[in-house]
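Okay, so here's just one chain, in structure tokens, the form predicted on its own.
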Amino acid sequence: MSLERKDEHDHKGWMESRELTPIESVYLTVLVWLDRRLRVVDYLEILEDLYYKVNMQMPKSHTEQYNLDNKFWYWYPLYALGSFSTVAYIVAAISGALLGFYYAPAAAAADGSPTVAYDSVMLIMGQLNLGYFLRSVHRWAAQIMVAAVFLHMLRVYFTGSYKEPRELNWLIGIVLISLTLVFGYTGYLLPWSQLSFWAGQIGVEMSLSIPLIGEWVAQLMFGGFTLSQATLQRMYILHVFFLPFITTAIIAVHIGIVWMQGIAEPH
């Protein structure tokens, strides 16, 4: 008598009775293996049940209510801008993390060289294998993300997708585009080149122009009224530590709300 646990659903026999592709066979084999040990399928069924319960509570979309699935096909590429900006953000995050291994956030060195930060960027661009490519990928991903987020906000506005019941996600989107611009500005200062220096000086002057709290904002964001090591250090901490975690968390909330409410088609 065998002590081996009997497969109640005979997964192996079911798989053999179907004409499965190699990819499907590997996927189902891994899924069955995990399910026997971690009850993965039970948790997937709970998520599926939750998904349908949440979506059944939402009103029908316009395409569902008026059977317009094939009437607004020319709008559909614009509905990929949110996903496109998310992919650009992921590419920028990965390439930025790799650049961080070689970047040094120091404005000056003990030997008198003008800027360690700028020298480290030059090392990445000129001496590191694929360094020029890596920095270019990071820069282009950031620029594409800014453009995609801006166009995404325009699409949401002109299609009326910000209206009830999606007002909260519209406000979250405004926060995300603001964080995207802060991401771009802090990253722009990190090479500590002439362009970075004068962009930072403009930021200081803009901070000082704020009524009542201008000097306090300049001290907090730039470490003073002139650019220094404290400025570069603040930009680096914001760009590498604070903004990624905050932005990733808010993106997760934003996508979660879209998943619960569904996509708002053109009105």
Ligand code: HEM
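None of these values were measured; they are calculated from a predicted model. All residue numbers refer to positions in the sequence shown, first residue = 1.
The same protein has a further form, the form predicted in complex with this ligand, not shown here; the description that follows concerns it.
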- Item | Contact residue in the model of the complex, chosen from Thr186, Ser95, Thr115, Thr180 - any heavy atom within 4.5 Å of this ligand | Thr180
- Query: Exactly one of Val156, Ile144, Ala107, Leu128 has a non-hydrogen atom within 4.5 Å of this ligand in the model of the complex; which residue is it?
  - Reply: Val156
- Query: If you check in the model of the complex, do Gln201, Thr231 and His239 all have a non-hydrogen atom within 4.5 Å of this ligand?
  - Reply: no
- Classify Ser83 as contacting or not contacting this ligand in the model of the complex by the rule of any non-hydrogen atom within 4.5 angstroms, answering yes or no. yes
- Can Ile263 be called a contact residue for this ligand in the model of the complex at 4.5 Å between heavy atoms? yes
- Within a 4.5 Å heavy atom cut-off, is His138 in contact with this ligand in the model of the complex? no
- 4.5 Å heavy atom contact, Tyr162 and this ligand in the model of the complex: yes
- Message: For the interface check, one of 120-128, 190-198, 163-171, 98-106 should have non-hydrogen atoms within 4.5 Å of this ligand in the model of the complex; which one?
- Response: 163-171
- Contact check, 228-255 vs this ligand in the model of the complex, heavy atom within 4.5 Å, ordered by sequence, gives Ile251, His254, Ile255
